[in-house]
Structure formats: structure tokens, C-alpha cells
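Read the single chain below, which is given as C-alpha cells and is the form predicted alone.
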Amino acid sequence: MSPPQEEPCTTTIQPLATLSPPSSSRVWQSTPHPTLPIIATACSDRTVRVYSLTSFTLLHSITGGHKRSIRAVSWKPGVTGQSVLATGSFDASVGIWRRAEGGGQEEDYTHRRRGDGDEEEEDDEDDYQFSCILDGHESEIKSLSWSPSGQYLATCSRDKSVWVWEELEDDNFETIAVLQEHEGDVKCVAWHSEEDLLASASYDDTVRLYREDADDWVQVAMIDGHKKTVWWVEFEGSGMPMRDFRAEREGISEEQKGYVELMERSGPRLATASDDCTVRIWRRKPREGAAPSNSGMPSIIRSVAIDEDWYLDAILPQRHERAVYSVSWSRKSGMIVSAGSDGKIVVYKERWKSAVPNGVKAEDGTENPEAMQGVEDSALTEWVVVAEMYSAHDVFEINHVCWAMRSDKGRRSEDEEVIVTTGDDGEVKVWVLEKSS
């Protein structure tokens, strides 16, 4: 498929910092805290490193609990008075860690270790405490994610299964679902940003979606558009302000207004990244007059009623030459960033098209019917590349990329974001977007 013609990139990706000290071994994933200016990194040396996004220095090194590499980390949202972190390991277990919030959160971890013995004892109490371990998977954990409400924790594994856990009270978890729809390793799990809908991506080239129905979790949709392993899946962020093209109600056509209404009814979209070198966007087809799941109808009928139809909304311009391991959807700007095996960072932005698709004309006036192949005809927007960075971690692969709020002294606005990349070189790097002159 030929890439669409695009305008030259008007933004550059510039290095801001490398979190210090780096890990001496491969790092898999870095996850920003939902409210605090800190980020947790999963490391191959069986540790989780918590860094400050204000000073870019190490605050805590979490050790113990796991016998093998830590593959994934996820902060529990909506918790007051403490930070709760879930960790997934190659030892097939999930760890839960807790730390009381308070003073010292931004103090440099390495400096706090230079006092006398009494200070070190106080520091131990201030560290993250291992609370409990969740066992059940038969092979290594590849990904885990808390639901937006914090009620559920989803985990997935090389054993081809997805588990859903519910925390009844502190350190008391119950397994409420073991989902075995995939035919290969399950690489990633992610929750819908506004409801209890779970997505999983797999080595079997598919994405599956699940929700609860009549006290049982069931598959409600399957997406099979990718040609190779799907490494990552992520929903459009909750609480995200309307992007410019959606907010501009004045001066747009009736067709565009109808398109905005369609987007609002279908809800947050889904981004996927694959070994086939593509990033794709999927949208749920709204159903008119569908019976609600709590209608009191027999479960055999309700199960049909909750099935969902997801279709391909867009294929982002293909700039990656090897597997795309991770994508992140900004909650502030609506932009998407991707990274992967080729060590490249790519940032994409959505904009209106100048004409209705069907392979007629792109915004720059060029004809490109192949670019729309497989994409829903109703799409009135297109994605363009606005920034690229080659060899971001030298010759090493980038395992994970995400957006985070900028918190250092150089922050230019309250809404400014940074890009955080995590690589095989053991480094976690922070980047900023700069407008080209």
C-alpha cells in the first residue's frame, strides 16, 4: 500500500533528559503515575525503578518479590493516601506494592542513602512495601493494567490467557475471569478509558474485547485486521478535551458535523501496533436502540445484545521498517506516538480531509485510492506524521513509549507533555516536541 502524500514535518523531537542512573540491563516499560510527577520502570534485573520527572533522578529502587525479570508495571488509579503499584514478572506472578504518600516523594533516592543508620531505617519505612503476590498464570506475564475505576486488574501471559482480578479489600484479590480466547501468547491488555471493557492483543494476530455479562466475562468482539503479531493495544484517553477538528463546529460542512456526532456516539477509539509495521485505529459501530445489559432479559439473549462491531477507522502513515512494539495516545493533544524494533519515534496528528474519501483526493490534492483500502468510507479525517526521530536509543530497540506530563523547571505550560521511551540499552529517555522555525 502506497503511503499518502504529506506535508513536511513541522515539529522536531528533541532530547530533554535521560533518567539517572540508568539500569545496567534491559528495561521493558515505563509508566507515569496518574497524579504524581514520578514514573515506574520495569527492569530485567528484577527491580522496579521509580524516577522523578522533576529532577530526572532515581527516587526508589524496588527489589524482592519476584524471582525473574519484571516485564510490566501499572499504577492503580483513584487511590488516596498511598500509591499502589502492580508488577508482572517472567516468573508468572503479579506483585502488589504500596507506599504511603507524603514528604520525600521528590527527594533524590541516592542522596537519602548518605546519612547515618537512623536515616537509613527511616528510609526503609518510606520505601514501597511488598503487600501480596497473585499466582495463577502458567508462564511469564507480558502485560497488566488496572481498570479506570481501580476495581479490576487485568493480566495476560505467554500461556495464552487473560485473567481479570478484583480487589475486594487491601491485599485480598479474587479471580473473577480466566479468558482463553487467544490461540497464541497474549502480548498486551488495556482497559477502555470510560467503561469496563477490556482489550487484549496477541501473537495470533488478533485483538479481542471482553466485558461482563450475567456475572460472567465474555468476548464481545474480535479484530483480525493485522497480518502479524499485535504487540500493543491502547484506547483513546478518557477526559481528553475535544481535539481542534471536533471542536470547530462553526464553518464545517453538515457532513463533517454528522461525522463529529458519529465519533461522539461510538466513543473512544482503539489504537493497535503490530509486527506488520503498521499502527491502526479502530472504531466501535454505534448501535441504535440496543437493549441495555441490565434489562432483565435472559442471559442467552443478553449475550447477543452486548456483541460489538469494531471496524478499521484509519491506517497511520507507515514509517516504521520493523515491528511496532508500543503506541501512546495523548490525553491532552490527541496525538499518537509510536516506537519499536527499528529504534524510531514517530508522532502523528489527526486533521480534516478536504474532500470525502473513496480514493478521490487527499488534502494536498493528490489522488491515492490505495491509501484508503480497507478503511471505512465514512472517514473524513486523516493522520499525518508531524515528527520523527531516528536511532533514539542508538542501535537498540525501543520496547515502550508513552506520553507524560512535563514537570521539570523548563515546563512551558501546565498542559505541556513529554515523550518517554524505554529501551534495550537500559535507558529511559525523555523528549520534547519543538516547533521548527
Partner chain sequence: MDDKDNANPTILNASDLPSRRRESSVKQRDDGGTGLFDNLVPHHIYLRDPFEQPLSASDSDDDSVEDIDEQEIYDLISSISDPEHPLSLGSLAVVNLPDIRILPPPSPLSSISTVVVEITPTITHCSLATVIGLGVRVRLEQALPPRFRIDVRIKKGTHSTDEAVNKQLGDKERVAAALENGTLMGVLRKMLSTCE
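Positions refer to the first chain, counted from 1. Just so it is clear, the model here is predicted, and its values are computed rather than measured.
Although it is not shown, the form predicted together with the partner chain is what the next lines describe.
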Residue 397: touches the partner chain in the predicted bound form, heavy atom cutoff 4.5 angstroms | yes
Flag residue 280 as yes or no: does it have a non-hydrogen atom within 4.5 angstroms of any non-hydrogen atom of the partner chain in the predicted bound form?
-> no
Exercise: residue 137 in contact with the partner chain in the predicted bound form, heavy atom 4.5 Å | no
Find out whether any non-hydrogen atom of residue 192 is located within 4.5 angstroms of the partner chain in the predicted bound form, and reply yes or no.
-> no
Verify the flagged residues 69, 158 and 325 against the partner chain in the predicted bound form: is each one within 4.5 Å by a non-hydrogen atom?
-> yes
Selected contact from 383, 56, 28, 403, since only one has a non-hydrogen atom within 4.5 angstroms of the partner chain in the predicted bound form = 28
Could you work out which of 205, 236, 126, 350 is the residue within 4.5 angstroms of the partner chain in the predicted bound form, going by heavy atoms?
-> 205
Heavy atom contact within 4.5 Å of the partner chain in the predicted bound form, the stretch among 75-83, 197-205, 260-268, 166-174 | 197-205
The partner chain in the predicted bound form - contacting residues of 196-233, heavy atom within 4.5 Å | 203, 205, 228, 229, 231
